[in-house]
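Heads up, the chain below is alone and in the form predicted on its own; it's given as structure tokens.
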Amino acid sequence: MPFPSLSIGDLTAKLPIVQGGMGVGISLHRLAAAVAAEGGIGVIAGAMIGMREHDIAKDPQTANARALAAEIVKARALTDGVLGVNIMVVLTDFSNLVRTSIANRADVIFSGAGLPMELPKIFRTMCEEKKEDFKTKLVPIISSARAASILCKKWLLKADYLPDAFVLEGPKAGGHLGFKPEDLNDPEYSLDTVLPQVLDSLKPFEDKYGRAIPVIAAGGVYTGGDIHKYLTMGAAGVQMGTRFVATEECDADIRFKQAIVNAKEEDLTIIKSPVGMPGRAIRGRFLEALEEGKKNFKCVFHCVSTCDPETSPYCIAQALLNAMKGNLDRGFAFIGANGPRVDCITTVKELIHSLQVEYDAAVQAARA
């Protein structure tokens, strides 16, 4: 049985699979285009996307905007599928990257690491300035029903705009997590527990405004069976990150991908990020040195609004950039809780096919 499609308003992806936006430089145009070409939603990560630009240290906002525009154009040249951009709220150039994404016709903007209160206002302002009806969908990334309800109310009040969809990210996700460290293993905060709560919280808005607000389940989604489970629970789609890292099309260095493949359960750790949120990462020399109290910090990029150069022990942009380039001794890789299950590097096409086979098996098992 084929996967059902994923519709966000008048935008439809053939597959209910969103590739998570992974910075710095992990998901750029190659990975996003490959996923979109297979029918999913491919996502370019906006965080420090201008890392290769000549003026990144001198003028990071201009460099990042230029690089983001170029990545969207490159991805469009490779596919006519659905392409999104992930832009973290805590980025100092958040507004600039949002405007760049809209101007370059990104299909979707996914935004988390904080509540994107100003996102619809920026969108409305651009439409007024350009005298144009832009089609970009606005999708916040949340971790609770309360956040979903707050965003719906605030967006309606500030911009008369209802979120086009939500990504609900559970505590098994890789990277930055919207939970307190002590809540990560509490069943009360699990994706399975919170998903029904979010669906219930959105129903009054759907009924009042006469349209669906799809919820995309994320964090720990690993197999086609997982996809079937969350779709059965009421999710419109799923988001997967770590599995797409271990693909040939992923934009990171092969050594970064191999670190994901080699990671064992005992290698995973929860870090305190300069972003101000906990994050799940692979333990290595860099993080071990931080635990020993070593600090080597020079703020060049000014990329995160919540980062305090006076107290932060390291520059997360530089650490993630080093890791993306394969220098894991001077950085670290984010990883999902199911990352240790990844045992090889494959292609996006092969990964999607395996998920389809597993999904089919789950459907047949449910019917038996």
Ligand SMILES: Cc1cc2nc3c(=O)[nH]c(=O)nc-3n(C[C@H](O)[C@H](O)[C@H](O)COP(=O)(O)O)c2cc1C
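Given the structure is predicted, the values throughout are model-derived calculations rather than measurements. Numbers follow the displayed sequence, beginning with 1.
Keep in mind that the form predicted in complex with this ligand is missing from the display, and what follows is about it.
Shown alone here, G50 lies farther than 4.5 Å from this ligand in the predicted bound form, counting heavy atoms only. For the chain shown alone, I335 is a contact residue for this ligand in the predicted bound form, at least one non-hydrogen atom being within 4.5 angstroms. For K172, a non-hydrogen atom is located within 4.5 Å of this ligand in the predicted bound form, even though that partner is not displayed. Not displayed here, this ligand is kept clear of P16 by more than 4.5 Å at the level of heavy atoms in the predicted bound form.
Note on the partner interface in the predicted bound form: the residue among I141, A259, I213, V198 having a heavy atom within 4.5 angstroms of this ligand is I141. Between this ligand and the residues A235, A148, I109, M240, the one pair within 4.5 Å by heavy atoms in the predicted bound form involves M240. Heavy atoms within 4.5 Å of this ligand in the predicted bound form are found in exactly one of 227-235, 262-270, 83-91, 124-132, that being 83-91. Interface residues of 4-21, taken as those with a heavy atom within 4.5 Å of this ligand in the predicted bound form (partner not displayed): G20, G21, in sequence order.
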